[in-house]
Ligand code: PXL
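Next comes just one chain, in structure tokens: the form predicted on its own.
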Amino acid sequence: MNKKTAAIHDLSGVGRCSLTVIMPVLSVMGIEVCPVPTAILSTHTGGFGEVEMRDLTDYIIPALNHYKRLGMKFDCVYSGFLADPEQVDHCLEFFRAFPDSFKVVDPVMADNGKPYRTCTQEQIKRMGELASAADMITPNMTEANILLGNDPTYAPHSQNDVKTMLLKLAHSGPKTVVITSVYTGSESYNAGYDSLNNRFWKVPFTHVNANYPGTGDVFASVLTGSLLNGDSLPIAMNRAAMFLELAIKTTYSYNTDTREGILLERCLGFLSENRSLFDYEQL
């Protein structure tokens, strides 16, 4: 039987991010996705002007109650962008309702050294609570800094600095921490920490001079799907980084409007190949 994931994320109609990338990525990896939308947006909020948005805070708990009445089970509960601080409570209710599920929190709050315009101080505080209740969190460097109370623009100077950040994040609750888009000196990599085995990992990637929305959603989804399919943390990180690099380089070659996100449709076949991957190293 396929694994089943409750994906608590927003749905943006244009821009290839959140549920519009999470669902196809996990589906092609053999994971059934049950979307629980936190908000519906006409486009993502990065450059399309005034966005039409509908907050679905009042939908999440009734949906959960319906699933409970049906006796449904989820192998994974995976949250991302939350439209209102109250939705943190609703995600925690999902965690409590399915205690044996793999609880993944992508703390979507910020990037490039600053919070998103929709992210309030109350949301930042509550996101920290949700991250503490997760089994795995997948912040980018800006989000990791915010969760730790650092200056959002802080850049680690060495691998030891990165390991310190990973340890501090793990000490707040999650067993596994993966920080994406780490830059130390001339190196670009994703860094991970497995607290159960006390092992640090890194997977290097080649930087492309373009920013596309939804790349964090894609990375976290491939990582989650890979772990649900039985991969080790370094192999799962490797699979996520390799697929994302392939998709970004493919998109960059076509010189498309960056607001439209990556050309996911041209690259999904890679994920069905389930290659053996070993391009990782200990941090």
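Note that residue numbering begins at 1 and tracks the sequence as displayed. Remember, predicted model here, so these are calculated numbers, not experimental data.
There is another form of the same protein, the form predicted together with the ligand; it is not shown, and what comes next is about it.
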Counting any heavy atom within 4.5 Å as contact, can you tell me which stretch out of 66-74, 241-249, 227-235, 211-219 lines the ligand in the predicted bound form? 211-219
Against the ligand in the predicted bound form, would residue 37 count as a contact residue? Criterion: heavy atoms within 4.5 Å. no
I'd like to know whether residue 183 contacts the ligand in the predicted bound form, with contact meaning heavy atoms within 4.5 angstroms. no
Look up in the predicted bound form whether residue 60 has a non-hydrogen atom within 4.5 angstroms of the ligand, and give yes or no. no
Flag residue 131 as yes or no: does it have a non-hydrogen atom within 4.5 angstroms of any non-hydrogen atom of the ligand in the predicted bound form? no
Contact residue in the predicted bound form, chosen from 136, 108, 191, 141 - any heavy atom within 4.5 Å of the ligand: 108
For a quick check, can you give me the residues of 29-46 that have a heavy atom within 4.5 Å of the ligand in the predicted bound form? 41, 44, 45, 46
